[in-house]
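Taken one at a time, structure 1 and structure 2 that follow are two forms of one protein chain, written as structure tokens.
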Structure 1
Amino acid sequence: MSEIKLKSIVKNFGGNSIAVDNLSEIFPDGEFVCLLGPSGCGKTTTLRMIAGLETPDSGEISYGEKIFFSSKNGEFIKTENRNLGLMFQSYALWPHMTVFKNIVFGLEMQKKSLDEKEKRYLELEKLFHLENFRDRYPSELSGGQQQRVALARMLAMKPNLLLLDEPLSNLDSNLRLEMRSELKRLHQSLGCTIIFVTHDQMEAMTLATSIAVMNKGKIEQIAKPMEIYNNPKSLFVAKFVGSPQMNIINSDKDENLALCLSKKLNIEKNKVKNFGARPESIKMVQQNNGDINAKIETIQPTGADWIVGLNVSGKSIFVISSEQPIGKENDTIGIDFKVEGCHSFDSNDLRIVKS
């Protein structure tokens, strides 16, 4: 199996902040892994180390049988020989080469014949709708077209491992949707392993077969998207995934609500530092009919559903409702918690898993 193995990777750029902090992880073959995390958490650095553009201070990186890098025995495979595809956030298309030249560059490196280059180019041209652009220079293309050229260039040599660093962040939302499905389709048809960096959690949820949530140079959790969503390992993951954010209820500060949740989840309140409740796991009911009463503060219709801001004895929480809210602003209503969307976190911010 050609899985990517990272073993105790440390990378420090000097200074006191560590970019990647003792990272160990296995990305299985054929997965579409999304590296998700806030800005500066080390996603790009991790990707660049896998590509060999950056060397770790210590640790080991391997891909299948091949050891890319090891600080134990000094193994280091040059980027040129790792045979992977990398796409930069800036695309890094060469401005002095035409679309054709850009795309067949990798084939040229392998001394492929003119026929082969031509054939592969035509395939890619079709796949990425690049007809008519063959002799244009990158500066004569739109952002979306440049993006497709960059994708085509990366795929020209049919690499088995694709690394993409926020490839969609420069696109408008329509194109982004289109490219997302394009990527997903590519992944399914090519069967390659993709590591995809993003800090857009929607993108991660829709694209990935597994999501790795990174925080401060470490992977906090890696799991299937729904698993991440339903069973976040830590408060950080719970907060980072999901929009609007999970409601966090501090058991000391928001006592009433915390008490109500501890009863609902059947857990002692003093074992819990924070409770979390997904906005869609809260149901609005008539006053006094729910677990607790709340006052409506704001109602924001999004078209598909309503985001309702509630105030429960001083604490503001958000609720997503697919039905028209039963009251209007300043009305008092009752709310019901669904157990599946509610979590409790201990003093180390880890989720308490009930036996």
Structure 2
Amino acid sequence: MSEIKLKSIVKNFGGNSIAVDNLSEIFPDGEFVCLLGPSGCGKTTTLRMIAGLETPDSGEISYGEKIFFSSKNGEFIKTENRNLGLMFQSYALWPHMTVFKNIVFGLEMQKKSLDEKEKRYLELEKLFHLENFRDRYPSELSGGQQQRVALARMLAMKPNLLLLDEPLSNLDSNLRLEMRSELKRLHQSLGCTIIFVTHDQMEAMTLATSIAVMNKGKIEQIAKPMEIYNNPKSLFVAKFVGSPQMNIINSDKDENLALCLSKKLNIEKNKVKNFGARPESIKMVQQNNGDINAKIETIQPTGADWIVGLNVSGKSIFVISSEQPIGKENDTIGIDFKVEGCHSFDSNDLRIVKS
């Protein structure tokens, strides 16, 4: 099993700027792991340390039986000797080289024979649907085609591990959807281990077999996508994953709404610092027929759904509905909460799990 093991990794960029804070984690062989988090949370630094582009201040990084880095033993393997594929926001294709020459560039550096290069190119041409693009230059390709060439070039060397840092961020929404499918298909067909950095929770939810949510240099939770969504370990995870984000109700500031949710969840209000309710877990009903009344503030149709802004006892919350709202702006309606989409968090911002 070629697991990626991070043991007590610390990276400090000077002063009080700790990018990665005593991080220990194991990424299993064959997983598609998304490192998800906001800017500055340490996800890219973690990827770059696995790649060998950054050196940790302390700790150990290993891949299978191979030690990439160890501060204790003074070991460090250079990037080019780690047998991994790298891809960043910029595809960095050589503009003066054809698709063929870009893809086999690494093999050229290894002085592979023409037959070996041709065979590998034809395998990748088929895998990435690049037929008829062999003699084109990057400037003659669309963004999606350029990305497929960059992926093919990365795989030409048959790396054991793929590391991708926000490779879809420069694409428009349609191309991003197309390339998510491409990456998912690639992982399923090759079964390789992929570490993918993103700040886009939708990207992580649709691509990953496991999501590691990072905050302030630490992994707050690592789990399968729907486990992260349905059972967030902390308030940060609950707020970061989901769009629109989870409605957060403070036990002291939003008293009426908090009291309503404490009854719904059958938990004492004074044991809870914050309640959370997913927008899709709130159902709009006729006035006085729900758990509590609310006033409609805004209605935003998205095509498939409606995002409705409500005011409940002075607190603004959002609801997602697949059905047309029962009222219009400024109307008073009732709302019902579905227990499975509601959560409670303690004074340490950890989700309260009832036994």
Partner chain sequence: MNSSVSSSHNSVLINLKIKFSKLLQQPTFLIGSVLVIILSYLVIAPIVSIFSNSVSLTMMDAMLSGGKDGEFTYKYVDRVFASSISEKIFWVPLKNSLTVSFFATLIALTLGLILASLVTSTNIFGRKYLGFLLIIPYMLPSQAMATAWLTMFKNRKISGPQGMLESFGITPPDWLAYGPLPISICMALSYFPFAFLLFSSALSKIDIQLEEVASTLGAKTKVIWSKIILPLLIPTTMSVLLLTVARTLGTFATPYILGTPAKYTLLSTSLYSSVRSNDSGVVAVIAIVLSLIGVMLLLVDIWVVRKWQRFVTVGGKGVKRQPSKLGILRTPTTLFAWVIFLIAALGPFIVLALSTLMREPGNFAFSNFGLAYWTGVNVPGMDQPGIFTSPEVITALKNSFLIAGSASVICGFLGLLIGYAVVRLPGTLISGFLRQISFLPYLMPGLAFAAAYLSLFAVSRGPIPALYGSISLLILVMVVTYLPYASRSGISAMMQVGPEPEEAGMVLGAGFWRRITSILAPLQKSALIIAIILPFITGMKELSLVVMLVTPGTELLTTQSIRFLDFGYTQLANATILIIGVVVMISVLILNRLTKTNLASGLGG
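Structure 1's sequence is the ruler for residue numbers, which start at 1. Note that the coordinates shown come from a computational prediction; the quantities given were computed from them, not determined experimentally. The term rigid core refers to the maximal set of C-alpha atoms that superpose within 1.5 Å between the two forms.
The form predicted on its own appears here as structure 2. Note on conformational change between structures 1 and 2: the chain splits into two rigid parts whose relative rotation, smaller against larger from C-alpha fits, is 16 degrees. After superposition on the rigid core, the Cα atom of S142 is displaced by 4.5 Å between structures 1 and 2.
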